[in-house]
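Just the one chain here, laid out as structure tokens, in the form predicted on its own.
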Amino acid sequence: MVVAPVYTRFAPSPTGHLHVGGARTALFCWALARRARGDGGDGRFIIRIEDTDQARSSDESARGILEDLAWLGIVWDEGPVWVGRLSEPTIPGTDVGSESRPTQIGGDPRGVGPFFQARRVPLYNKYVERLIASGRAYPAFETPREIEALRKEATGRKQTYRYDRSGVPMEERLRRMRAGEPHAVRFVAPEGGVTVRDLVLGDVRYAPGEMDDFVIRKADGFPTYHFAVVVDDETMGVTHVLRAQEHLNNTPRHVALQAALGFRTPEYAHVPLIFNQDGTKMSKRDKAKAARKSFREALGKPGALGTADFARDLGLTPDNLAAFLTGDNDSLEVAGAIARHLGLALPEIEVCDFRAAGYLPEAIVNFLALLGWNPGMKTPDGRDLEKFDAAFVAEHFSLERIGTGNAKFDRAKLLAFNSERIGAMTDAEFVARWRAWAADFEPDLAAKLTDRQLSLIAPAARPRCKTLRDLAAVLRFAVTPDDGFEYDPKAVDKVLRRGEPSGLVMLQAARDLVACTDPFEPASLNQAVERLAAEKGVGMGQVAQPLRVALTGQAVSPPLGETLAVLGRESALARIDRCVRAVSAPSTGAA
């Protein structure tokens, strides 16, 4: 059987970080191409960067998007070259993505690049000129301000604005263009209707006259999205276009352009949007909403600073902060400043957010695959199959299994997926993955921790960690200076000042066992604590809890033997002595 080629593409705009919705689209494009290759056909996944919006595009954003895709293991066959090390093998049976050597992704084996649209302007101009010569496009000379005025006038009449090309004869338009007058170029919309054949939604029909003469090249000489994407899909050989349903209304324009240029029409598949659990669309604005809500609550507390004082503390102008609070802007910079000031964790929306939070790429890929697609398989006990890896997705992915309803982003489910992945690791793998994560997100902490400390804490901490960042929180006590933390007043009062004998008395007795227990390892230390409790006729908690407060400042810590062993004898004794002095003093005990 001859398998038709499947060339897919993911074409992000480098105007910010990679949204998880974009990552889901890229995953589906990758899987469709990989499935074709696995079936014996020619499958290629292409990345191209849509950077024609020069005011908003940046090289930094482009690099970040490629980095996030590579981290997820969504490897492109053609596109911008990326070189780096990946956390997991991305192609089973190969060393692609292994930590043993750098990995190179991308390239241009067919010579269809460059893969940045800003570098393809001469190609777009050739096709624009073809349309003008055939009478299917024409120059237009109105300024953006003039167009906006006409649009407002139409709105005032309760009409939809449509550009009217009849005001200037075509010969006059061409004469002014040849004379060098600044202009945009508009496409002559077809008079008839347009039908889009969609592999997910079925046939989508657009009535005659519904399309107006839209701009295909802006006055700055750069093509619009609509035109560039059509030229690129044709010249790069794209056979299947998978994208979110929010792009569906753009597709008739693309089909009309393809017909006018004599291009083939790729297969289209518009996948469901991703919504939050409350039914709102998941977007970057969610960060601004969360920061705005928390900040308003902070302003309403007794004794809170005024907006102007807060703005000064945040390093913002009062006007900028006020505009954010009223919803006039959703600046991520302002949201981030507020979050840092309030110690607020903003919702993860972009792939880099989940990376920083300590999620594993394989857990995210598994979860994203289920947002709008399912393999239609059951587990041996009859449940829907939900746990699988990227190789499984590539083997079984099909457009027929994509639903038409919006997908819900269940954060609790993603966290459970991540927790299960961590739970299935060996301790050595857990430590290695944490070190790789911490090198990017907690470098100071990682530099201070020895391999021995990590190996001591990993067996106890791993089953309790849902993310890699959880281990960072667990380990913070181990790198804090012995006199660099405060004691929780409630814990001091409950654990050290009360009881008979008091916790302070038990802490002083426990100091001796810390001083003499050998070897200073978790098992022998736990046994020593048990012996002391038995000798004093008290429960384990009456010995362990005072020690926890002395060692970490809190009544909660990793298992006591591991906590002592990670600190080491010298540090543990210094902390115990400091706590005894602080609690014995007539003050409240905070140090």
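Since the structure is predicted, the reported quantities are computational estimates derived from the model, not experimental observations. In case it trips you up, residue 1 is the first one in the sequence shown, and so on.
Form predicted together with glutamic acid: not shown, discussed below.
For the residues Ala572, Ala11, Cys579, Ala23, the 4.5 Å heavy atom test against glutamic acid in the predicted bound form is passed only by Ala11.
The partner is absent here, but in the predicted bound form a heavy atom of Tyr225, alone among Phe310, Trp82, Tyr225, Phe430, sits within 4.5 Å of glutamic acid. The stretch from 123 to 131, 363 to 371, 324 to 332, 241 to 249 that comes within 4.5 Å of glutamic acid in the predicted bound form, counting heavy atoms only, is 241 to 249.
For the chain shown alone, Leu72 is not a contact residue for glutamic acid in the predicted bound form, no non-hydrogen atom being within 4.5 angstroms. Although the partner is absent from this view, Glu50 contacts glutamic acid in the predicted bound form, with a non-hydrogen atom inside 4.5 angstroms.
Heavy atoms of Val229 reach within 4.5 Å of glutamic acid in the predicted bound form, making it an interface residue.
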